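Shown below, as structure tokens, is a lone chain in the form predicted alone; questions about how it binds or moves come after it.
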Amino acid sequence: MINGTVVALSRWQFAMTALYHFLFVPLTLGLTFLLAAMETVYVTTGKQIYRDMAQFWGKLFLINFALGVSTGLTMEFEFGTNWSFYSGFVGDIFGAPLAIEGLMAFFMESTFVGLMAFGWQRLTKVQHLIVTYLVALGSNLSALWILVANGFMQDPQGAKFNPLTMRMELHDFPALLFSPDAQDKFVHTSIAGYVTASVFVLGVSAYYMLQRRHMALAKRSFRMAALFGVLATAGVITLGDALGFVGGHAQPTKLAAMEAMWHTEAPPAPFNVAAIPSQSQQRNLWTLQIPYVLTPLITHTTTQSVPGVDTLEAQAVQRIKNGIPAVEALKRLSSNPNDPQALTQFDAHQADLGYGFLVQRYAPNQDVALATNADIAKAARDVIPQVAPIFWTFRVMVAMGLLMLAFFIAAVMFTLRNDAEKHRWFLKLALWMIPVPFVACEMGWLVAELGRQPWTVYQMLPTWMAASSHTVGYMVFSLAGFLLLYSIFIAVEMYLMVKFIRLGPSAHGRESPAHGGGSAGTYAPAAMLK
């Protein structure tokens, strides 16, 4: 049996690297389309200011893109080093979208990023615009294939377990690709990136407006970000509801944790606005509720029941009992693949194989045939993830989404009245808003991944089985090393971003009086250092 501490440290290491990496991803996804929009206006109107905007924001995009790639590369290697059993178990399925992402989307994106960065003087306006759109397409295709892989972990579709090879095997690629969880999560994540980029552009533009620098560029960027952001925020909230609807059916245990629902209540059930959940007592120590809201919010009906923790644990007990014969048959097939009785027994119980694996952790000598009712009860409790962190991270994410919607509505109102620079309180608020979408994206990732526990592949492969057999010392050393390395990456990102924001768009080599800001027509090293 793998050391529980090793499993915990493996989870911490992957969570840390993923959370660091995900600080870069939303900004990359969103900035590509904002750049394309700016350059489209430049090509259609011929106004130089929009070229300056595309070049300036493009420089910040390149910094973020380079460091995002650096932090993302190690994650794919972690599957082989720290999660070797998982890689062997689902490699046929999980490897396919990651390989497509690397061969098609990532190389496409990287190639066109180079053309976008160095092609301003070598390509025509239309050619460069096409390249910029291809960068945006490549970035979002990268996200698509990664989320297809993640979608399989959340709601495994298009694969079957082969008892003779002891592996999951892909049998329906369209089902894998068009999994409702994967597709909804892709759209939700992409639009969250557009919100992130809009807040970032709006905040930096507000900084220039507060300093009365680069006013023409700042005002136009502010307006585009405000309009882009209000639409994206409305979209991300709407699609978040759709994702919750799909996820609630695919993962009812995650839904129960998100809503701190310990007991199944008659519909329409109340919505817990705030609560203090107790995992040990399986109840809320305190709640603030709105009656009758949860059922229509989750099921889009007033009569459909939403299962609570008590119902889900009772269902898990039955599935564990049904999964034990599947594990026993699998053990016999590993010795004799042609055992007809074992094959028949496995076929009858294979739907609950993962639940049999779940109780194996508690069974004496990991022999599920020796599992007691107490062991089964422990495993059944495991199917409910940690409620308190999921409940609160979900609410923080939602609260930040509503805050950003109100923020963008105000920004649109000010920019359409053409008096945003007069509202200095709002411009200062815009600076403080820059971290908000990043935190919201991190909260969303935590809800998705913590809510999947105790499974690496939902209802098929428990997390305790998926990790590699490393020593605790190795895991502590590698975790500390990654923490240090990724902290350096974040520090480099912050330094370069702040440096080039302070330099401003004049660093591109031109800024005429018509474009506003600074000294008329000045561009020199001395001007850049101001």
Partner chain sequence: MEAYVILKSLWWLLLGVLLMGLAIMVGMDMGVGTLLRFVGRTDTERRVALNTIGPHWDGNQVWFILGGGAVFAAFPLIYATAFSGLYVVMLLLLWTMIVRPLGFEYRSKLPGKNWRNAWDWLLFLSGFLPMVIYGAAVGNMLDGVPFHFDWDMNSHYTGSFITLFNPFAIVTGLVSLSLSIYMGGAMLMGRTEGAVYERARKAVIGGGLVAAVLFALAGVWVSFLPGYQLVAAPDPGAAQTPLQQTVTVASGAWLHNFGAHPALWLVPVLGFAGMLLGMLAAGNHKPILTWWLGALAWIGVIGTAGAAMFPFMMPSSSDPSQSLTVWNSVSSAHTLAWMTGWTAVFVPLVLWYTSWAFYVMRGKVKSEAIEADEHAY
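Residue numbers count along the first chain shown, from 1. It should be emphasised that the depicted structure is a prediction, and the values quoted were computed from it without experimental measurement.
The discussion below concerns the form predicted together with the partner chain, not included here.
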query	finding
262, 349 and 382 each touching the partner chain in the predicted bound form (heavy atom, 4.5 Å)	no
Partner-contacting position among 82, 139, 198, 154 - heavy atom within 4.5 Å of the partner chain in the predicted bound form	82
Candidate from 334, 372, 315, 386 lying within 4.5 Å of the partner chain in the predicted bound form - any heavy atom	334
Residue contact check: residue 308 to the partner chain in the predicted bound form, 4.5 Å heavy atom	no
Distance check, residue 270 to the partner chain in the predicted bound form, heavy atom within 4.5 Å	no
In the predicted bound form, residue 122 touching the partner chain (heavy atom, 4.5 Å)	yes
The partner chain contact at residue 165 in the predicted bound form, heavy atom, 4.5 Å	yes
Partner-proximal stretch of 426-434, 199-207, 322-330, 283-291 relative to the partner chain in the predicted bound form, 4.5 angstroms, heavy atom	322-330
Residues within 4.5 Å of the partner chain in the predicted bound form, restricted to 48-77 and counted by heavy atom	55, 59, 62, 63, 65, 66, 67, 69, 70, 73, 74, 76, 77
